[in-house]
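Here you get one chain, nothing else, as structure tokens; it is the form predicted on its own.
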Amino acid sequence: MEFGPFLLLALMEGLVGAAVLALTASGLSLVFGVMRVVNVAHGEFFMLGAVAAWFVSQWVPGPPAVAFAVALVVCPLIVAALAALADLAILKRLKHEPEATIVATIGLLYILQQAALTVYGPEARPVPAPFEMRLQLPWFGWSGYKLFVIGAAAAVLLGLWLMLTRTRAGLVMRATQIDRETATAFGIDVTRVHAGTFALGAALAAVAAVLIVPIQQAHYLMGGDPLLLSFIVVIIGGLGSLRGTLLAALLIGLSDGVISTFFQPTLAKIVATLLVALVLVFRPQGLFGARA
């Protein structure tokens, strides 16, 4: 196969990674933007979504498409409920102070990880794809499910943007982000907004995990890479900027696909880290972040 088809394949694979990364990083960015909380446990919410999807695939009878549809709805709701409980039980008591919440979410990371190890076990387990279809291009065949992942992620991100910009819930979240004291004075329940935001951020990570787990495998240690890449994306795009997060996810996802195809996957992580260093030196607020 010539260079052109190889490049096309690398870009297509990179789009899949970018779509999943955009979902995961959007959740992290949303939590920081509204709550000013750096959620170090965000990758474990991703992991919980994948592990829960495996359990659903085992428990729900019928064809894989039915189990997948159930997982796509139920798993993010379960993860969101756990995240809201964690916010109310832990982060709220710490008054969402930055240093304290970092330590608390590190502890939450290990709690969730060890709980998954105890209940799920150390094995990496596959989840069946909802359908088997291949797109036959002139140079190679490509999984139709991967195209579905890109489309589904785009639909969820569009829904997130509409929710933030066109609904009362989005208006309340943006008001809380700008000035929580004034929002409280106008009768907004900031505690509920924070719990809902933390839950929504975790749910986005869980949706990403459910979408990607038929391509990868569910494992109790799978939250590390999504967390690292999400932090890279959020730093490059700008903390709290959804537009910056989406563009940075596209940049990192495509570069990862191309570099991993032609060189080594480790080199892709090195390049991403160098991009973060350059952004921190020349534009600390990120590509679309506001100056402090």
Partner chain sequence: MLTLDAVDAGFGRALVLRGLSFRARPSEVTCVMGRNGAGKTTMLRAIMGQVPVSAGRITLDGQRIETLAPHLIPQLGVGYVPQGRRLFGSLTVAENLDIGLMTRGRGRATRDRVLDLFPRLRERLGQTAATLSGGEQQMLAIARALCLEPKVILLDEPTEGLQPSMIAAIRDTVRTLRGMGVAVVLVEQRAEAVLDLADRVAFVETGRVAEMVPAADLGPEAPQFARYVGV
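Numbering follows the first chain given and starts at 1. In this text the structure is predicted, and so the values were computed from the model without any measurement.
Another form exists, predicted together with the partner chain; not displayed. Remarks below refer to it.
Visitor: Should R134 be classed as touching the partner chain in the model of the complex when contacts are defined as heavy atoms within 4.5 Å?
Guide: Residue-level check for R134: no, no contact with the partner chain.
Visitor: How about F186 - does it come within 4.5 Å of the partner chain in the model of the complex, if we only consider non-hydrogen atoms?
Guide: Looking in the model of the complex, residue contacts with the partner chain include F186, since a heavy atom lies within 4.5 Å.
Visitor: If we define contact as a non-hydrogen atom of the residue within 4.5 angstroms of the partner, is A175 a contact of the partner chain in the model of the complex?
Guide: Heavy-atom contact with the partner chain at 4.5 Å: present for A175.
Visitor: Are any of the heavy atoms in T118 no more than 4.5 Å from a heavy atom of the partner chain in the model of the complex?
Guide: T118 lies outside the contact set for the partner chain.
Visitor: Look at the candidate spot formed by L251, T266 and K269 and say whether the partner chain comes within 4.5 Å of a heavy atom in all three of them in the model of the complex.
Guide: Not a single residue of the candidate spot has a heavy atom within 4.5 Å of the partner chain in the model of the complex.
Visitor: Using a 4.5 Å heavy atom cut-off, indicate which stretch of 120-128, 69-77, 146-154, 188-196 touches the partner chain in the model of the complex.
Guide: Looking at the partner contacts, the answer comes out as 188-196.
Visitor: Just give me the single entry in I106, L162, L171, L85 that has a non-hydrogen atom within 4.5 angstroms of the partner chain in the model of the complex.
Guide: Partner contact (heavy atom, 4.5 Å) among the options: L171.
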